[in-house]
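As structure tokens, one chain now follows by itself in the form predicted on its own.
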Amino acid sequence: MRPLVLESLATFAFRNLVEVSVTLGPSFNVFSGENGQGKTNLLEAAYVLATSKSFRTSKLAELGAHGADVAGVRGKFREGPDYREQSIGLRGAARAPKVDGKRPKSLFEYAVRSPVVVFHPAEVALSMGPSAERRKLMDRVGAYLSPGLLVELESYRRAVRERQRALEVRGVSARDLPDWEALVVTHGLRVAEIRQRAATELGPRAEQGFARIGTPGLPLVVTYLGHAPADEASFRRALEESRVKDRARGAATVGPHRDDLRLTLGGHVAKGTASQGQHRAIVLALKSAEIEVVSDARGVRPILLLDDVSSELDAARTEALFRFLGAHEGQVLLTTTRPEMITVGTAESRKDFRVESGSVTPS
């Protein structure tokens, strides 16, 4: 399968990367430096370029350098024999993506154009954290399996908000409630259907990945937990019956906004029983599964971004990580404070860079 390759990356007033321009290699790109120099910012810039979003914050205004009115990232992607230039202009909370100088039809279309998968220390929340993190994983994968998911999600969320506003402002007998609930059901069932498909694709691959790197004899099982009734009539009835409760609680208690992935080790829920090392192995397994599913759905190997991950793993799982990277067959951008510990790539397949005070130089 052909890999997606980011051949060049340039930033302007992006966090502390005031003016950076680097030419990347098609395989392993290792960025080293002390903490606080801008290594994570560089990976974030690549992620923003590919998706128009950050993996660190939902507040785009935080991405600009201190005192800068505008910021931007641009780069050249190669996909097989084809090249394209993408760019993101940032002004406060506004963003302006372009592909070959033209605005895309939508942010949704732009977000799945150049697939990337990021793995950073905070990703342990996939296993240890709230269900929202696992829903994001299903939605990232689902967007490639069904390009309409992001539009369905936005429509569903709007309908849920308006239903809640009707309950709180006009009461449980508000005349517009049936209309909003009909929209909740229509879009909610579609979201649930795509998420279940995403979970079905992710589960076996994550389970196999954990078997290779996790605790021997302790299997990981991944199960989709849906919170929407399976058919339209039951869903509408559940919404009607929960109106009083939802008004009192200030939030809808039925629907796919409460979906989750159940992760168990040896029959026990991982969140409350797994060790730190096991949690990190679960996350690595989920990430490897994400890469495989996106690769199959998109027909191209995603770019892998890894932020100082080896510092969060024990020796055995660090070795497993490097084996995984060696078999990735795609481009990798990796940050570390100790480049001598990164035992991936050869002199021909690896490029090393030094990051210091927001500047990036070959090393």
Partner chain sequence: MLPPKVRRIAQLLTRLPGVGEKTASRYVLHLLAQDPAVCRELGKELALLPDAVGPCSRCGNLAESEEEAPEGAPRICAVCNDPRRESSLLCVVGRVHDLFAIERTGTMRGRYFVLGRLLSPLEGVGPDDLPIPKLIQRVQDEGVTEIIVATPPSVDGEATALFLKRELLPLGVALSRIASGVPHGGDLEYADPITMGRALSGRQRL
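Numbering follows the first chain given and starts at 1. From a predicted model like this one, the values you see are computed outputs, not experimental measurements.
Below, we refer to the form predicted together with its partner chain, which is not included among the displayed structures.
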Checklist entry - Mind checking whether each of V151, R158 and E162 has a heavy atom within 4.5 Å of its partner chain in the predicted complex? => result yes
Checklist entry - So which of L189, A238, A166, V99 gets a non-hydrogen atom within 4.5 Å of its partner chain in the predicted complex? => result A166
Item to check | Proximity to its partner chain in the predicted complex, single hit among Y110, F77, Y224, W180 (heavy atom within 4.5 Å) | outcome: W180
Checklist entry - Only one of 126 to 134, 180 to 188, 79 to 87, 209 to 217 gets a heavy atom within 4.5 Å of its partner chain in the predicted complex; which is it? => result 180 to 188
Checklist entry - Does G266 reach its partner chain in the predicted complex, with heavy atoms at most 4.5 Å apart? => result no
Checklist entry - Using 4.5 Å between non-hydrogen atoms, is G92 touching its partner chain in the predicted complex? => result no
Checklist entry - Looking at the partner-bound form in the predicted complex, is R170 within 4.5 Å of its partner chain by any heavy atom? => result yes
Checklist entry - Just to confirm, P147 within 4.5 Å of its partner chain in the predicted complex by heavy atoms? => result yes
